[in-house]
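Taking the form predicted on its own, here's one chain by itself in structure tokens.
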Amino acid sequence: MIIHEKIEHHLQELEACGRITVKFGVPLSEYCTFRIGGIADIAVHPTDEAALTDVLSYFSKNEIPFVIIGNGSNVLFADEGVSGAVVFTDKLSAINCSGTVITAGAGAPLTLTSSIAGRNGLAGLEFAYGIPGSIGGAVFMNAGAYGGEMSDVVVETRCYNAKTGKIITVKGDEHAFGYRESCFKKNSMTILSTTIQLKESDPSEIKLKMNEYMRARSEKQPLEYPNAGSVFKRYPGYYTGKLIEDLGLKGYRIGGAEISQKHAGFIVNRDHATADDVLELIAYIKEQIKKAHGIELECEIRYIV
């Protein structure tokens, strides 16, 4: 889209006041763990919660489409880029610990939050140690690993509706958590912060468990190549990575995208892969699994155009 001078001037004024940082015409490959993506019209980093809500309200009133991104660890940006604004929550990263409760901003790194919990003798978030995402992204998709999920620990989430200008608090079952699902995938709310309830435990035991999980990630996951995490949701009764591996697809490539030779549930950017390479490889995997087992795999990665 063409960015109107008035819009550009307004954003530059906000930047001059120290409320945001803004760039125009930026390559999205620099903002995601896949290292793939075209140009975004606008990339905005609000410095705090008030700046975030003000920017989103402004975009909404001026009919500028926007998408919210945390660490860009579970997304695939289109080769054509993103029309409108990409708003990053990375600066909303405050983490506060009080008793057995942790409140973290949407942009707080998941691994850091888990680590702070452990240092304070709080158990329940060990599964998140090593996941390269943000708190907001983790709540959005109910991230989980090693038998734990965000739904196990999240008690409430503050969020913002840009259309109404209201901040509301979602509590308990209102999150509508499911397997890689939450209410935020179905509504237009932007996560601002989340409150997590944990349990007291021995810090050394917590640290031991986190180290075990990190060691397992390093051994089993292709951390040496750009990727966006597990590609597919687990189909009930099956391990998706094993289904793909059993078909002999490890190492199969389309363009620069490759099914990881270390873990078949991952697609890696092996050699300047494009989003189209990844999408074609995803489609190929789904086709082969459907032929072999008659089941439809569902993608876990967000594709953003």
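Because the structure is a prediction, the values reported are computed rather than measured. One-based numbering along the sequence shown.
The form predicted together with a small molecule is left out here; the points below concern that form.
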Exercise. 128-136, 164-172, 198-206, 95-103: which one contacts the small molecule in the predicted complex at 4.5 Å, heavy atom to heavy atom?
Worked result: 128-136
Exercise. Is it true that I68, V75 and A145 each have at least one non-hydrogen atom within 4.5 Å of the small molecule in the predicted complex?
Worked result: yes
For this session: Determine whether any heavy atom of G124 comes within 4.5 Å of a heavy atom of the small molecule in the predicted complex, and answer yes or no.
Result: no
Exercise. With a 4.5 Å heavy atom cut-off, would you call G118 a contact of the small molecule in the predicted complex?
Worked result: no
Exercise. So, in the predicted complex, is T113 in contact with the small molecule at a 4.5 angstroms heavy atom limit?
Worked result: no
For this session: Considering only heavy atoms, tell me if K91 and the small molecule come within 4.5 Å of each other in the predicted complex.
Result: no
